[in-house]
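Shown here is one chain on its own, the form predicted on its own, set out as structure tokens.
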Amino acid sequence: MISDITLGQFFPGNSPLHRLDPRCKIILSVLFIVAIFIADTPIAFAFLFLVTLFLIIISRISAKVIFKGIKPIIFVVVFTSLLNVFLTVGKGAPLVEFYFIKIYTEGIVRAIFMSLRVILLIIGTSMFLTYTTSPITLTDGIESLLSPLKVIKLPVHAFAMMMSIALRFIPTLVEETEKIMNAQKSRGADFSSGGIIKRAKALIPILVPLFVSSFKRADELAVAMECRCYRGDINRTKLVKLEYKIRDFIWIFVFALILSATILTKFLPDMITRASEVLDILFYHI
């Protein structure tokens, strides 16, 4: 399970997504996230599902790798879905009623929408931010977009560097965790049997060496940066300067249309109802 985590990994390639400007990808991610949280109808989720599928196809990244990365969050998705099913109170009569347990149609619909929202959110943003964008390029994009905040003396470069380092070391921490778990298993540790409390206690021998290793790695990174005379963005130049191209503006325009279409689906049922009422009135008078 640990080795299945692909969050933070970069897969080099030459797909249309790989060639986009990192600033464009960040803007597209924001538009996609807004669209995901605005969606609340089956039409909207079906539309965004097709958009996500299109991103997977043009990224030329194996679908097996992408869906393999979803496995670690399946428990979270199932848990939140069950909470929505059992805790949502509907307006009508419950579909299932057993003692104090009541399941309404609204709860099932909300659970399905919540699951789709989480899965599409992770896949869509990963396609833009990590799978097709290197950490260094992503850092440059974040710093460029936040550069206007330098006017109010905010440490934009430091913030962008921290984010890129965090993303860069996610696969490293995952690999380190897997090594520690294998070492503990060879000493007779059991992480798969017993209840939740027993499994949580079994994780303590993993967390202690993992934290020690993480702090040691952070200290070594800080020393390495100091030895290379790293001074943040003071008198710092760029080897590769970011430049917007026509394709970047086309992608932003298309995703702005996608966001607009998602918002439109919220009002589509009312528009259809009103249109049908108007047609009924016209046919009645004719």
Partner chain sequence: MDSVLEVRNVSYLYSKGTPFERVALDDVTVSFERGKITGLIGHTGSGKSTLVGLLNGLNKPLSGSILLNGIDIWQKPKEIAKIRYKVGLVMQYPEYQLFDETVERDIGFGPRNQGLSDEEVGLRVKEAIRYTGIDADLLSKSPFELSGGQKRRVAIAGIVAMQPDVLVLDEPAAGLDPKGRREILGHLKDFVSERGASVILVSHSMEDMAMYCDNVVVMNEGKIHSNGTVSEIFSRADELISIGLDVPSVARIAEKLKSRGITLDGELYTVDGVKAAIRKYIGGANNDL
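Only the largest set of C-alpha atoms that superpose within 1.5 Å between the two forms is called the rigid core. Model, not experiment: these values are computed from the prediction. Residue numbers count along the first chain shown, from 1.
The same protein has a further form, the form predicted together with its partner chain, not shown here; the description that follows concerns it.
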- Task: Using a 4.5 Å heavy atom cut-off, indicate which stretch of 116 to 124, 147 to 155, 93 to 101, 209 to 217 touches its partner chain in the predicted bound form.
- Result: 209 to 217
- Query: Taking 4.5 angstroms as the cut-off for heavy atoms, does Ser81 touch its partner chain in the predicted bound form?
  - Reply: no
- Any of the heavy atoms of Ile204 lying within 4.5 Å of its partner chain in the predicted bound form? yes
- Query: Would Val85 count as a contact of its partner chain in the predicted bound form, using a 4.5 angstroms cut-off between non-hydrogen atoms?
  - Reply: no
- Message: Gln184 versus its partner chain, in the predicted bound form: is there a non-hydrogen atom within 4.5 Å?
- Response: yes
- Item | Output flag, Phe11, Lys64 and Lys179 jointly within 4.5 Å of its partner chain in the predicted bound form, heavy atom basis | yes
- Note on the structure: Exactly one of Arg247, Arg60, Lys68, Arg231 comes within 4.5 Å of its partner chain in the predicted bound form through a heavy atom, and that residue is Lys68
- Work out which of Ile112, Met162, Ala189, Val76 lies within 4.5 Å of its partner chain in the predicted bound form, going by heavy atoms. Ala189
- Message: Taking 2 Å as the cut-off, check whether the CA of Arg247 shifts that much or more between this form and the one not shown after a rigid core fit.
- Response: no
- Message: Rigid core aligned, does the Cα position of Glu220 differ by 2 Å or more between this form and the one not shown?
- Response: yes
- Message: Superposing on the rigid core, is the Cα displacement of Leu210 between this form and the one not shown 2 Å or more?
- Response: yes
